[in-house]
Each structure stands twice: as structure tokens, then as C-alpha cells.
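Before any questions on how it binds or moves, here is one chain, the form predicted on its own, in C-alpha cells.
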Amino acid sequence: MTPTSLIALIIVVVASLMMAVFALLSRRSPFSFREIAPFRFIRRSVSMVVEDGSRLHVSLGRGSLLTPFGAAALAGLSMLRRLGETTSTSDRPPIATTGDPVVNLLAQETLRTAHESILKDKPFDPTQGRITGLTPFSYVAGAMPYIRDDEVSTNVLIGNYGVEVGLLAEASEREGAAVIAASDNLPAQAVLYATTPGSLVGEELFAAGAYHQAGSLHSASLVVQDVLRWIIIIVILFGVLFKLLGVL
């Protein structure tokens, strides 16, 4: 094992242990986090979906779980579970569109779990999870009709996208639907920041589960991120100090 691999393994083990500890602590006393406006907007928009009998559309992007882009899809799935539980009682059940076959299967199962936790006696419709295309623009072209024709009042775009996500945001705006968007791709973030008032920036994407009470591990992960961030800052400051003193 190379020194780099050993350091990476130590970081993973330490982070995992810290997550376990903070998860136990959060069950006793929940952590409080700073207010993020788009998450507040999501909660308000989703409550309106139930009240007016419209539909929620969650777009999970094209990130494959077999690549680093799968992290964004997992963040979207955790949010889909919580939003699905909230909107399953609506006259029109929520739908999820994806651009990856594996993520689509997970989206269907996530919606099924959310549905059965609220409506045990009503059968689940597997077509609530839909794959609309396997390339960037075919995925967007396949998802746009659902925004226009399915009585959608709220669109949550969360996952891996390119600049084509701007077409989904524009389609939502034309229909007068609320849009909340997040991506792990910098060009997509730039497009969303310029076109969508309810956009999440940077690592806020991965805070979705914690802000929607998806579980204690989600809350613990945010605390661990902050701890690791401060450790890195301290190491950098000491490195600069030692460099100035001629120690390094």
C-alpha cells in the first residue's frame, strides 16, 4: 500500500468513526444548522403541492452510481424519499425522471417505499419513476413534456447535469412552476445561479438529506465535514507558520 493510499484509508476510517459518534449524539440532541433559503422554499412549495392537488416532479439527473457523479444522485434519492412521503397523499402522486437505468430503478423503489409508508392499502404505480433519455439533451427533451403536461407545480432538479439543465429550468418558468435546483457540475451551477432564484450552491447539494430529516447519519455527515474542514485549515495555517519560521 502506497503512503497516499494509507493516508486516504486513515481519513476514511476516522471520518466513519466520527460520523457514528455524531449520529448517536444527534439522536439525543438534534444539531441545528444555518438557514438555507432554497430548503425553506422547497418545504413551502411541497406543502402547496398537497394543498392544491398538483404534482411534484423530481429530476435526478444523469449521474451513474458507478462513477464519482453518483454522489449527487444519492443526495437526490435521499431528498426524493422525504418529499415522496410528504406528497404521496396528493391527488396526483409525485414523479421522478432520471437519465440512468440504475438510478431509475432506485427512484422507483424509493417512491414505492415512500408510498407504502403513507398509503399501505393503495397500490403503487411504478411509472412514477421514469427514465427519459440516456444522453444529456435526450434526457432533457424527454423530461420537458412531464413538466408541461402533468399538472406539475413544483420541480426539484437535483443531480448531475451539464448546461442543458437550463432548458429544464426555462420550461418550468414558462409553466409558472416553482423550481429548486442543485448540481455538482460547475457549468450547471453557473447556469442555475443565473436562471433560478431557488438554486443550491456548491456543497449545499449534499446537505439536502440533513435539512429534510432523512436520518441522523445525514446530520452527522455535515458535522464531520465541518470538523474536517477546520482540521485542514489548522494544518494549512501551521504549515504556513512553520514555513515562515524556516522549520520546513
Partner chain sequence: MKRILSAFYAVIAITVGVLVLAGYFLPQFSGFQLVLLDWAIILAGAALLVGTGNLFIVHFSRVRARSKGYLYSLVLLVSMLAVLALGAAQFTGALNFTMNAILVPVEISLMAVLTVTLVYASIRLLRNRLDVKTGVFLVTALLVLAGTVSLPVLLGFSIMSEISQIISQVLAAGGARGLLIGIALGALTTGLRVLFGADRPYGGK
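Positions refer to the first chain, counted from 1. Bear in mind that the values here come from a model prediction, so they are computed numbers and not experimental data. Just so we're on the same page, rigid core means the largest C-alpha set that superposes within 1.5 Å between forms.
A second form of this protein, the form predicted in complex with the partner chain, is not displayed here; the remarks below concern that form.
task: Flag this candidate site as yes only if Leu9, Ala15 and Gln108 all have a heavy atom within 4.5 Å of the partner chain in the model of the complex; otherwise mark no.
output: Checked in the model of the complex: all three residues contact the partner chain.
query: Leu77: heavy atom within 4.5 Å of the partner chain in the model of the complex?
result: Residue-level check for Leu77: yes, a contact with the partner chain.
- prompt: Would Phe206 count as a contact of the partner chain in the model of the complex, using a 4.5 angstroms cut-off between non-hydrogen atoms?
  reply: Answer yes; at least one heavy atom of Phe206 falls within 4.5 Å of the partner chain in the model of the complex.
task: With heavy atoms only and a cut-off of 4.5 Å, decide whether His115 touches the partner chain in the model of the complex.
output: No, His115 sits far enough from the partner chain in the model of the complex that none of its heavy atoms falls within 4.5 Å.
- prompt: Arg92 near the partner chain in the model of the complex, any heavy atom under 4.5 Å?
  reply: No, Arg92 is distant from the partner.
Sequence-ordered list of residues in 113-144 near the partner chain in the model of the complex, where near means a heavy atom within 4.5 Å: Sequence-ordered list: Thr113, Glu116, Pro126, Thr127, Gly129, Arg130, Ile131, Thr132, Leu134, Thr135, Phe137, Ser138, Ala141.
- prompt: After fitting the rigid core, is the C-alpha of Val235 off by 2 Å or more between this form and the one not shown?
  reply: Shift of 2 Å or more: yes.
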